[in-house]
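Structure 1 and structure 2, given next as structure tokens, are two forms of the same protein chain, each shown alone.
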Structure 1
Amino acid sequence: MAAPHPSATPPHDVVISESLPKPAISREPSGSGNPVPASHTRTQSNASVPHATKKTMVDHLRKYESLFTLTPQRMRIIVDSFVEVLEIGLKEFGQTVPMIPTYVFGWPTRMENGDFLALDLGGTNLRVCLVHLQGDGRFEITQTKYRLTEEQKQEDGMKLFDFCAECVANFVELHTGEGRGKIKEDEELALGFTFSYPVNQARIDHGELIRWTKGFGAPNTEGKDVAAMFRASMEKYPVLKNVKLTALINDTTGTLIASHYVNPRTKIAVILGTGCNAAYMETVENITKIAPLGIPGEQQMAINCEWGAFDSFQHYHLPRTPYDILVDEQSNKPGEQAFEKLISGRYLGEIFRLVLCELIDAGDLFLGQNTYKLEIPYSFDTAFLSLMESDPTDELLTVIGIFTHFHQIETTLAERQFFRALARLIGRRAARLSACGIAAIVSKCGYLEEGCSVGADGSLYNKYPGFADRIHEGLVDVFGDKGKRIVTHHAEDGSGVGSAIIAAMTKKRKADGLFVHV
């Protein structure tokens, strides 16, 4: 296997859509067995279609407004059903929204300290970090990022974990030595593995992958214990003999703990990036499905909701447009992650592109131009939506740039205004649906009166203009003025720092003999 190359991306640099390159899929209905991108070339005869019969862009916009707008009333209905789904997930295993018990018991003391390794496998990049917790909410972090190729996401699971182990081994080799920021030779080093996919956990250092999400498809992994697979890969590297996989965590759980470490008002964490999900702290007596474990009812435990799966399969609760249905049908996991497919950065650009394709097919856009580039699935990145929304010029020069540079298409001002308005509709709906998810946890936990902070991370939240404001507006639409008491803030690095804190908490818990069986 080729040696892993640290990516050129500087640490902490977040890319708005972490989802390129994408698998080639077509706009044909799924099951056609022919994943060839549809090609679409306008001819002179098309160009002669009289323009007077075409609807104006403003007329089109009206239609999309009604499709993509979520009224406050509709949001409240979604929230009510969301709360029910969250509650069922705590009672029974095997639910669509699995409400995964994480065995992260309560909040950090903020006195956690020491050196920990963190491995972050979440979407686009693989990251290895050495985190030095200094106590009192302070820390230092040294990290290296490795870019994952689209092929690696689809090749055998064992190979993927071998690559992870190889990256950790390289990192450990590079950073072993004497002094600050160095890994000490011959000392055991606890590792927190942030594996940001749904896993069923019987204990904190175990996790059976329920299903891949976010476009991953590595065979021979679903249904298996990914912690055991990674341990087996680590054994292939003698330099890792002192590294102990202590905790397998989700990015949301890490974000919850890391955000609370620096801001103790944090009660909920959300990730709004390539995928979307949330975690919060629950009282064990409410997690009735784990009663046989005999953990005292008053104990606190973080729950990884995996709310991206809300409304999967049956599609009872969310208003889906024809474009959402196409995105779903043509994904590698039809029916799954229904909520995530309306919200996350992996899909928003594709929803936009499918609307444009509909207008191209109807002969209402780009007549006489070669549109094949726009016909390629996932060729319209979510970052473009974000750029269009923030274009400050009257002529919408950024929009011109996107279409000419990436798709070799000329646009009129009316079209560009339409594109920007369409981006706004799609982005706004994503933020308002995210608000519904947050509101559901707030309602379920009774946080509204007292208010709370929500630690939020991910490329959409961090980079999409106005995303946070739209979430806050959405919360007011659901709760009225009291919604202002729920405030999101940019979270601390959950997959690195959070993972290390959880490894520290777990190491201490086990040393203290507390719930050592989980």
Structure 2
Amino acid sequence: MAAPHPSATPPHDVVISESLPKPAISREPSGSGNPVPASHTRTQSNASVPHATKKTMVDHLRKYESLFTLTPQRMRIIVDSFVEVLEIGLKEFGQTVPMIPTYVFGWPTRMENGDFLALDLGGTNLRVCLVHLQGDGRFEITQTKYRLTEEQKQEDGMKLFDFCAECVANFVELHTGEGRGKIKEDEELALGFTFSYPVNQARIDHGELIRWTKGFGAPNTEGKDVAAMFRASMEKYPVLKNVKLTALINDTTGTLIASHYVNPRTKIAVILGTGCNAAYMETVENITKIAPLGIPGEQQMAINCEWGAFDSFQHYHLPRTPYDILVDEQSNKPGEQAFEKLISGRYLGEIFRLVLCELIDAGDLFLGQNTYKLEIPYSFDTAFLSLMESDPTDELLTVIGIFTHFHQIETTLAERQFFRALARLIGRRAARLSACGIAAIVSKCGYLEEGCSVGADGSLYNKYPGFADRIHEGLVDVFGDKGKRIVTHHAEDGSGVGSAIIAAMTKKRKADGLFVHV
């Protein structure tokens, strides 16, 4: 890990080059009331395309620095508020940040061994895994992916689970036999089902779907026990007679357990990708809302935070810009998932696009050019921000390619330098807010003095340039030099290996007669 360089303000390493002066030009109103502007079409008189001036770009950059910069003082205020919200979620059901009990008790011993199945129902693929746990943090995995069609995601829920069972049956048939990576004939197999959609769980092998997300809409499923539906589907396949659904888990919980299995210093897991979430291990006496279950207070249980909902509805704590507010208002669930909308990969490109649309509407960018493609919501992918930040060329040729190839827009060097600086501001804010969430769990659990590792997964963490270093920088800004004791690392496969480890832990727990009612 590169040494963190704490700073209250973002780096000012962007030099804005000279460009052509901005001419006066009349603009047509959009007439739609939509906050994004109408297109601006090049006219015959504009032989050379006018662009923003040096002074304009510098002035705008200062404005957006003030809007998107998180000072250490503001970060500490957010962390304190975050801790309070986490604690309320442990005490009461129905909170905005729900702090969901997972019924995964304690850490793996790292001596778990044997063969276990894992089923991962993702947003685009279905994955079936055979995981051979070898103990001492070692494992082998054999897996097959099956593509989900849009039709399957919208068909009746029972049909969806029938397809899941059919894939597991095909996998078991294919991999039954003798030798390494094979399922032995008549071998009893525990299966962990990674079902990363909001569910109410009263026990680990049960879960009532609250609502579909990730583009799913399968009817006759919400409000029902998805574990029971999948068991009914498995019963249709004789080859699955020895497969038992043992645990229904969330991918973030699986990431926590898998990462600890490999690296015991791991105390927290975070997902930083299209969505965002965190999980950690809590003492049961602090989860007062499940006191009626009679579980001993000293016992530990993994908590699925669902922290993307932090500061939803009231919006008391997070510093939202006008662009964040627009993203929220125009989303399919206004008011909800406020934290996620500031930091997840689904929204960063849209925040960037809305800033450009504001500048276009004010006549400060792309005058005389047709900008209709930029006016399409979510047409500017977060991957473009990543590419702009990592452009190594003096002329910023990657940025040229993004705007000419995908949006048919010509740019000057001054504009491209501004775009990269804006991308850095938005990406850096996302990383520093992510650091606030991690710092809240560290503070709540008292991990700062001894330090800990954080298993991190997701496209932002894995692919966005400098994201991990910016998280570390943010942790130092919150905690001072002690923040260097909190180190993130690439997480293990939570939805495959983690699911299998949890199945192994649950099988042993119930065989030992521990908390069999959950």
Ligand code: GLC
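Please note that residue numbering is based on structure 1, beginning with 1 at the start of its sequence. No experiment lies behind these values; they were computed from the predicted model shown. The term rigid core refers to the maximal set of C-alpha atoms that superpose within 1.5 Å between the two forms.
The form predicted alone is structure 2, not structure 1. For the chain modelled as two rigid parts, C-alpha superpositions between the two structures yield a turn of the smaller part by 12°. Taking the core as the fixed frame between the two structures, we note the C-alpha of L245 moving 2.7 angstrom. On core superposition, E187 has its C-alpha offset by 4.5 angstrom between the two structures.
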